[in-house]
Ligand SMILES: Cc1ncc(COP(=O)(O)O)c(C=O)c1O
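Form predicted on its own, single chain, as structure tokens, below.
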């Protein structure tokens, strides 16, 4: 695309959407305006190709423009539209049935939404309604969305500009059972956690942590909500991350990847105890576009693909292959590249300090790989390859990582790294 057309898009975006975002990306040379997109790759409007290991938090679990999901929606367009949320819907019923079939325990009922934040809001509302309690406990550095109640579970920097949070919300350190035990009270309605918090830097919990969370919640009558918006749908090598830890929550939230990257949809999956309240109050929560008929058709195809045993076996094979390659790269750069945090294809790369991670992100971008650091732990670079990534594309990613680290170490002094990092860290993320 001619540079004049690229400039026109940037000007329009700055004038009518966000001038601050345009300034941020331009200042640090991260400007990417997606044009063509396919599989594991994004192409800038100027034709430059990027291997996408950001995947928008797992939205593109099945790659960009997955042909099977597109075909499911295309067929749906011949017969239906988004539907009417007030009415009975066959696509809704079929998708809820499919979700119930792949969830543990008595998580057999579904409330549909459009965004992850909306799904979290629904879960928190239901927790308060079912228990008659106000208290909500979440993890420091976790992330559950930017809307209403979801925002109240997050860190202060996201909610402070909008005034004081609603009462009843508190945060504790992740993977700290004594802190949770102290925080739980007779007024606690629910504990909401990501099994592995992405924004906190893909921190893996102790093997028994989530089981103990379940036990402590049961002891005080609180509900346990698992936010699997990023970790679900095969990302960790199982359909749901909680399967690795042998725990069944009272509610499980799915989103992002459920859309197939084609049609937005989320699901708040609930057990019988929570469902009884919904059954008594069938119109207590509505969402005009939540669980739209077309969105359900996309999600049905996503579930058909991601719950297949052969597909999950491939995810685990790829994860092992990538783990070996990452360890080789880490060993070659062990003075700055400290740790690989990984469960399936949910991966965090921890560097020695924030300075390096930020500049490595830029070096990767310049070499044709798009990945970002964890917002609440900038020492960790998030790697979320599409679950459909090919072996050759994994090799390409590893080669780009190795080359980028060599460039960072040989071409930039530590003093320069610190200077760039200070500038980056002052910007809102």
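Predicted model only: the values in this text are computed from it and were never measured. Residue numbers count along the first chain shown, from 1.
The form predicted together with the ligand exists for this protein as well; it is not shown, and the discussion that follows is about that form.
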Completion exercise
With the partner omitted here, the residue among 357, 230, 236, 138 that in the predicted bound form has a heavy atom within 4.5 Å of the ligand is 230
Practice task
Identify which of 318, 109, 256, 203 has a heavy atom within 4.5 Å of the ligand in the predicted bound form; exactly one of them does.
Solution key: 256
Fill in the blank from the handout: Partner contact check in the predicted bound form: of 236 to 244, 164 to 172, 112 to 120, 298 to 306, the stretch with a heavy atom within 4.5 Å of the ligand is 112 to 120
Practice task
Would you check, heavy atoms only and a 4.5 Å threshold, whether residue 290 touches the ligand in the predicted bound form?
Solution key: no
Exercise for the section: Please run the contact check for residue 76 against the ligand in the predicted bound form: heavy atoms, 4.5 angstroms, yes or no? Expected result: no
Exercise for the section: Mark residue 91 yes when one of its heavy atoms lies within 4.5 Å of a heavy atom of the ligand in the predicted bound form, and no otherwise. Expected result: no
Practice task
State yes or no: in the predicted bound form, is some non-hydrogen atom of residue 145 no more than 4.5 angstroms from a non-hydrogen atom of the ligand?
Solution key: yes
